[in-house]
Every structure is written in structure tokens, then in C-alpha cells.
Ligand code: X2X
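Single chain ahead, written as C-alpha cells, the form predicted alone.
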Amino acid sequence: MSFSRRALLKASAAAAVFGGISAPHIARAQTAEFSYKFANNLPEQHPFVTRAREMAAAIKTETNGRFDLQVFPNSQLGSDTDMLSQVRSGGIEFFTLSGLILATLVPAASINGIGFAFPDYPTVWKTMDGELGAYVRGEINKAGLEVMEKIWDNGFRQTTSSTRPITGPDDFKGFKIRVPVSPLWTSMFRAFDASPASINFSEVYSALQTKIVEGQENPLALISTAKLYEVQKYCSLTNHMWDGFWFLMNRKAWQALPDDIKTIVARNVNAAAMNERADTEALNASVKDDLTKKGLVFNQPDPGPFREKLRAAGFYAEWKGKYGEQAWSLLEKAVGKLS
């Protein structure tokens, strides 16, 4: 399936500001034996939502209308924190959430965001579809939620700058960079001797324009939609952090489904995740070409020296202690020695 890049970039811009005008509430089918809500924070035009709607339609067809899944994108049912609370209480049956945010409930869920753990997508999927992903799902289960096997893609984060390309860890020394409010982000950039500043996304463009900060980090689609190329010259494909969306389910709602419906739902949800992964990777590639035409200068540094710097600064040792030996050993088994 192909998607309009213009539509997707507009969609990503909407996602960046966490909200927008919600679509009308869709009436539930009255004949369904089970009518469940699936909430997420992505805008209508995003391939994530397109695949979710395909998935819902397929499930309804394969169950002969017994299972009706209503998709609520664009944070229609509340903020991520609100929706996490609702899926725990049963107000929402299904919900997708970033592992970095889910970590407020399941600390192990943010481990995929460890700096420079993943050099590429094949390593991501080997890890998250493998033993570490299974471990995190087990921790999610312990927290009282059910979770699907396949994690959906939220993409790699890249570094932009108005002053210099980031070719190695030394380029981060003294570098004034905007980061989201998160211990993981702040800890990593401080380990590089950078000067991270927590700034709301709505203020990022002006902060870059007025040189309050030199650079920032975000996925390529967001760099494009926010027009950060207008106030940034370089984009270093650091791939310094990857994140995805776990497909979460209220336990009672999931257990209430007959086994045959569970099988159909799980098969279609996991297949949709695989399709969305391919869509997201293709979108990032097309956005890179577009940004190059707009004058952004790209480079792709070797992740090795960055890992060495983080190791020497004690970053990996610190987070190994927070995640515990079991989780950390599974991460290193997939990506190689970090600590």
C-alpha cells in the first residue's frame, strides 16, 4: 500500500503537538457480540491508523461481525497517561503506547530506548521479536495488562544542528541540544558532555532560530513537518534511540473473548504491526530524500565511538543497575556488549 507523503507529513505534524480536532465519534455496530475500543495517539492519515482500520475491518469480516473494533486515533479518548489509566480500568479495551511512556508503570519497557543500543532495523526486530521483547511482555503481564507479540514501529531519532555535523561523540561536547523531559534522554546527553535543555516542542523552532540551543533530536518525519530544516543545517543519522508502540489490552476484556475470536484478533493485530513497520521505514527513506532537496546536509556516523563514550561515562552501568541483570543481559545478547 502506498501513502501520500504530503498527507503523512501533515499527519506527523499533528502528532507532534499531541492532539488536534478529533473526528466524530463513530457509532458502534449494534449486532456485534463484542464491541471494543482501540485508542492511540496518532493522527488519522498516519499509516499506523490506516493499518489499524484495515485490521479492524478484517477482524470483523473473519468473525462474521461478532467482533467490532472501533478505532479512536489522534488522542480522542485522552492523553497517553489518561488512556493508560483507562485501559487498566477497562474504559478502553485496546491501546498502543510508547515503551518510554509505559515505563511509568512497567520500568523495563523503556529499555529499548537505551542510547545507541540499535544500529539498524534488523537489530531492532531481532531484539524486540526475540528474548528481550518476550521479557518486556512478561513484565507488562505482571503489571496486570495483556500485550500482543509484535511491537509497532515509532522510528529512530536523529540529531540536527545549526553549527556542525555530529561525526563522533566529541562533537557533542558543550553542544546545546533540546531534549524532551526524560531522565533517559538527559542522562545520555550529559554523558556526552553536552548541554541538554528540556524545552516544549512548541518552542523548539524559536529556540533554534534564536540560538538558545544549537540542535535537537527527533525522527526525520517530524524534522520535516516542523520545518526545522529552515533553522538547522546538518542532520546526523545517529539512530541514537529507537522506540515502538506496545499493543496493550485490558485483561478482563481479553479473557472474555472466546478462543476462536482471540486467535483471529491476535493474528490480524500482529500482521498489521508488521505492515506498519514496513510503511514507517519506507516513509523515513522518502522524507530523507525530501529534506536533502531542501538543503539539509546528511551524514551517518559510526555508532561504535558513541557507545564507547557512554560506556566510559558510566551511562550503561547506571541503567544496567536500574533495569536489572536479567533484562540487561538479554539486551546485550541481541545487540552486543554495552556495559
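The structure displayed is predicted, hence computed values, not measured ones. Numbers for residues come from their place in the sequence shown, where the first is 1. What we label the rigid core is the largest C-alpha set whose atoms superpose within 1.5 Å from one form to the other.
Only in words, not in the display: the form predicted together with the ligand, which the text now covers.
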(request) Name the stretch, out of 140-148, 242-250, 186-194, 107-115, where some heavy atom lies within 4.5 Å of the ligand in the model of the complex. (result) 242-250
(message) So the ligand isn't shown here. In the model of the complex, which residue out of Met128, Cys235, Ile264, Leu222 has a non-hydrogen atom within 4.5 Å of it?
(response) Leu222
(request) Sort through Asn268, Ser161, Gln76, Asn218 and report the residue having a heavy atom within 4.5 Å of the ligand in the model of the complex. (result) Asn218
(request) May I ask whether Asp80, Ile101 and Arg178 all come within 4.5 angstroms of the ligand in the model of the complex, judged by heavy atoms? (result) yes
(message) Whether Asn41 contacts the ligand in the model of the complex should be assessed with a 4.5 Å heavy atom distance threshold; does it?
(response) yes
(request) Determine the residues of 139-169 with a heavy atom within 4.5 Å of the ligand in the model of the complex and present them in sequence order; the list may be empty. (result) Asn154, Arg157
(request) Indicate whether Gln76 shows a C-alpha shift of 2 Å or more between the shown form and the other one, with the rigid core used for the fit. (result) no
(request) Determine whether the C-alpha of Val124 shifts by 2 Å or more between the shown form and the other one once the rigid core is superposed. (result) no
(request) Align both forms on the core first, then report whether Asn268 has a C-alpha shift of 2 Å or more between the shown form and the other one. (result) no
